[in-house]
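Only one chain is shown below, in structure tokens, and it's the form predicted alone.
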Amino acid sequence: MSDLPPYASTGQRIWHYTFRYVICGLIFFFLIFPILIIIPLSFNAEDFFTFTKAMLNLQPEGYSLKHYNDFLTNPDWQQALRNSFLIAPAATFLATAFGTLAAIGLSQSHVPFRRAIMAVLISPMIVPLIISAAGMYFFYSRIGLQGTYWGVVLAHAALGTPFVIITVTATLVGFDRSLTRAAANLGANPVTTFFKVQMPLIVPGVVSGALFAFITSFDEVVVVLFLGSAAQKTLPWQMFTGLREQISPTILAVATIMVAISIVLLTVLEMLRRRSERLRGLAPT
């Protein structure tokens, strides 16, 4: 079914289809093409970052899983993977808890200076990451958190909190405040009201924000370079080190795995977005 009204002129129809299929197609190709190059290169049987003649001729001997095997057996890569899965969930939990509470508090009309507080809380999304990393480094070095596990976790939580605030705030836009007032009139305390009434309705936004916070922490490299020590070397840090010190297609294998994880998470986010719209009555059930 066309999105154009029946009275659209010929010029409007030409522009509509040109924008949808040509311009948007070129933008999509520009964004996706690097990924389409990385994925097949990760199966290269040789230790090269270029397509070999055997790969171009689609010969089986030109492809191999040895770089994936290197990732799964190399102790440096496995230690980096463990560090990422130790840091990202903890940072996600803190960012989700703080971000959800902040969004609920700032959604109240009686809170003074709501816009100013919101601007401060989402500033990590706006300030260049190198500036945030440098500021965190000087601050954490003074309080003894630089080079520690909790220092990296708190820094990643600060970077992920704005995403939680934005997604939860967007979910709260369609929230019926009379439900919480009705729960209070029936004798429920604020904690019970939150978990029994409010949380079930905003949980798609909370989970979406948590996934964004997890991706932010899992993919972050600049802050961990400033704040982390060798014991906190994460997967992106190991990839960055590999690009500087030893060019290995194992990096492409890791990148392919991270792309697959991102696709799965984005699929979950889209499902949660649609569920949230159905719960808020913005989409048909």
Partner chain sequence: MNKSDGAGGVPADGIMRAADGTPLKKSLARALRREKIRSLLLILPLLAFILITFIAPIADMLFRSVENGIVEDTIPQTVGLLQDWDPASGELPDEAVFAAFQKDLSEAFKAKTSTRLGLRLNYEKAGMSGLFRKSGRPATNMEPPFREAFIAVDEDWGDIETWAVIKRASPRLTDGYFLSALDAHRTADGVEMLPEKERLYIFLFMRTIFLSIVITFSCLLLGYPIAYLLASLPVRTSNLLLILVLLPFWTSLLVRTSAWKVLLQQQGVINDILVWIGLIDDAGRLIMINNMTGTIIAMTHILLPFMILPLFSVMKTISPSYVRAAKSMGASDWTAFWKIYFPNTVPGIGAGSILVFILAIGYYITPELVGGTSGVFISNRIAYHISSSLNWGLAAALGTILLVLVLALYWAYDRIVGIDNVKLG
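Residue numbers count along the first chain shown, from 1. Here the rigid core means the biggest group of C-alpha atoms that line up within 1.5 Å when the two forms are laid on top of each other. All figures in this text were calculated on a predicted structure; none of them were measured in a lab.
Another form, the form predicted in complex with its partner chain, is not on view; read the next lines as being about it.
Contact annotation for the candidate site: 140, 158 and 161 all lie close to its partner chain in the predicted bound form (heavy atom within 4.5 Å). For the options 172, 88, 211, 80, the one in contact with its partner chain in the predicted bound form, meaning a heavy atom within 4.5 Å, is 211. The closest non-hydrogen atom of residue 255 lies within 4.5 Å of its partner chain in the predicted bound form. Its partner chain is not shown here, but in the predicted bound form it comes within 4.5 Å of a heavy atom of residue 123. Heavy atoms of residue 109 reach within 4.5 Å of its partner chain in the predicted bound form, making it an interface residue. Using a 4.5 angstroms threshold between heavy atoms, residue 98 counts as touching its partner chain in the predicted bound form. Counting a residue when any of its non-hydrogen atoms is within 4.5 Å of its partner chain in the predicted bound form, the hits in 26-42 run 27, 28, 30, 31, 32, 33, 34, 35, 37, 38, 41. When two forms of a protein are overlaid on their rigid core, residues whose CA moves 2 Å or more are considered shifted, and residue 12 is one of them between the shown form and the other one.
In a rigid-core overlay of the protein, residue 194 has its C-alpha displaced by at least 2 Å between the shown form and the other one. Once you line up the core between the shown form and the other one, the Cα of residue 260 stays within less than 2 Å of where it was.
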